[in-house]
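Below, in structure tokens: the form predicted alone, a single chain.
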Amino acid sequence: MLALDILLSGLILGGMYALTALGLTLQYGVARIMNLSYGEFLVAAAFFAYWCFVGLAVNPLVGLIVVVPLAFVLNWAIYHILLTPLVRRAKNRDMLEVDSILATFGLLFVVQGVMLVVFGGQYHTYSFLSIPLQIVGVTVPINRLLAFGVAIAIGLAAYLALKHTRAGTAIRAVAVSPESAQLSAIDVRAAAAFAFALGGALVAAAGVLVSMFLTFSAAMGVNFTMKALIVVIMGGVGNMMGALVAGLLLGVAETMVARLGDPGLTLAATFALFLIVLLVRPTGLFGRSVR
């Protein structure tokens, strides 16, 4: 029964990792923006859900319907106002990546500073459906199970949309080769802007779901950014299915180490798994070798 408990808990944790990483997969893999403020937007969405539930008595899932389009519009504006000048002056994608690191590093402190002023530096949490539920002998809080189900649904919907729609095909083409995509009459900048905005919407969804069962603070954004980056590279940069699989794998590995060993070793286990994957598959689990 312990093995089933580890597997179920690990999949729930991994589902949140996967959803958290999907947005960065789009922002980095398609738009080529290394967004160091990524985790701050997740925490900001968590605070939005907290404010809605505690201050307005609004269900977090209702807040999810509001925060996702707002995050899409906000990230679209950020791309066009802050990042488009960098895109225009960058001579290649590598230069754009370096410039975006510097720009979003500054944005990180702006977003974090606003949250510290509004909510303070203390930890926040709220009780939403924290009712234990028995599943084949394993006790799982309903809020975690609900968050996992919604995260997987959103992740699969995003994957299928990118796989089977015209806009999704254009985004995937830009991720593989912007030059070839442009020769195919694809507006590369518009596709990159859309991918960046969609990535922001996905991370906002992850923030709302995470807030339902985790304690969070304004200074926790960097932790989420680090985990998301690990999952993106493990799965293969720009590969949605790779992010889903890598997130689930990482969640199960961390849970196994925490239950069978010491919870303090979970970070070491994360980087050990990360290094093993890169040694076996340098381009990630689903990444393609460049020739």
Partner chain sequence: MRMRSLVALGAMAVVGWVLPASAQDSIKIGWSISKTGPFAAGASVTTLPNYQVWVKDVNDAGGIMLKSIGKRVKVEVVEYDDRSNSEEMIKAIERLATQDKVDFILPPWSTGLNLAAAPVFHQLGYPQLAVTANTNRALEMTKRWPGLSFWLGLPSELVDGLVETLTKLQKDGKIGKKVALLAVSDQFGIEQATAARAGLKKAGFELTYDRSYPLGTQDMQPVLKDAMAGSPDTMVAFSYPPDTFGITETARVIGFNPKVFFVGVGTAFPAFKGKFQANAEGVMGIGGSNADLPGVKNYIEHHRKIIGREPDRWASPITYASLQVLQQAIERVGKIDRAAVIKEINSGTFETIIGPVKLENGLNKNFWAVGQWQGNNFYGVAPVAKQGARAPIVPKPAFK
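All figures in this text were calculated on a predicted structure; none of them were measured in a lab. The term rigid core refers to the most C-alpha atoms you can superpose between the two forms while keeping them within 1.5 Å. Residue numbers count along the first chain shown, from 1.
We do not show the form predicted together with the partner chain, though everything after this point is about it.
Undergrad: With the partner left out of view, is Thr225 within 4.5 angstroms of the partner chain in the predicted complex by any non-hydrogen atom?
TA: Heavy-atom contact with the partner chain at 4.5 Å: absent for Thr225.
Undergrad: Do Pro69 and the partner chain share at least one heavy atom pair within 4.5 Å in the predicted complex?
TA: Pro69: no contact with the partner chain in the predicted complex.
Undergrad: How about Thr215: is it within 4.5 Å of the partner chain in the predicted complex, going by heavy atoms?
TA: Judged by the heavy-atom cut-off of 4.5 Å, Thr215 is in contact with the partner chain in the predicted complex.
Undergrad: Answer for Ala170 alone: is it within 4.5 Å of the partner chain in the predicted complex, judged on heavy atom distances?
TA: Ala170: no, not in contact with the partner chain in the predicted complex.
Undergrad: Can you confirm whether Gln122, Asn143 and Asp262, the three residues that make up this candidate site, all sit within 4.5 Å of the partner chain in the predicted complex, judged by heavy atoms?
TA: All of them do, each having a heavy atom within 4.5 Å of the partner.
Undergrad: Using a 4.5 Å heavy atom cut-off, which of 157-165, 173-181, 133-141, 93-101 contacts the partner chain in the predicted complex?
TA: Single hit among the candidates: 133-141.
Undergrad: Which of Ala191, Ala197, Met220, Leu107 has a heavy atom within 4.5 Å of the partner chain in the predicted complex?
TA: Among Ala191, Ala197, Met220, Leu107, a heavy atom within 4.5 Å of the partner chain in the predicted complex occurs only for Met220.
Undergrad: Tell me whether Ala268 is among the residues that move between the shown form and the other one (Cα shift of 2 angstroms or more, core superposed).
TA: Yes, Ala268 moves 2 Å or more.
Undergrad: Aligning on the rigid core, do we see the C-alpha of Leu61 shift 2 angstroms or more between the shown form and the other one?
TA: No, because once the rigid core is superposed, the C-alpha of Leu61 moves less than 2 Å between the shown form and the other one.
Undergrad: Does the distance between the two CA positions of Val257 reach 2 Å or more between the shown form and the other one, the core being superposed?
TA: The answer is yes, as the C-alpha of Val257 shifts between the shown form and the other one by 2 Å or more after core alignment.
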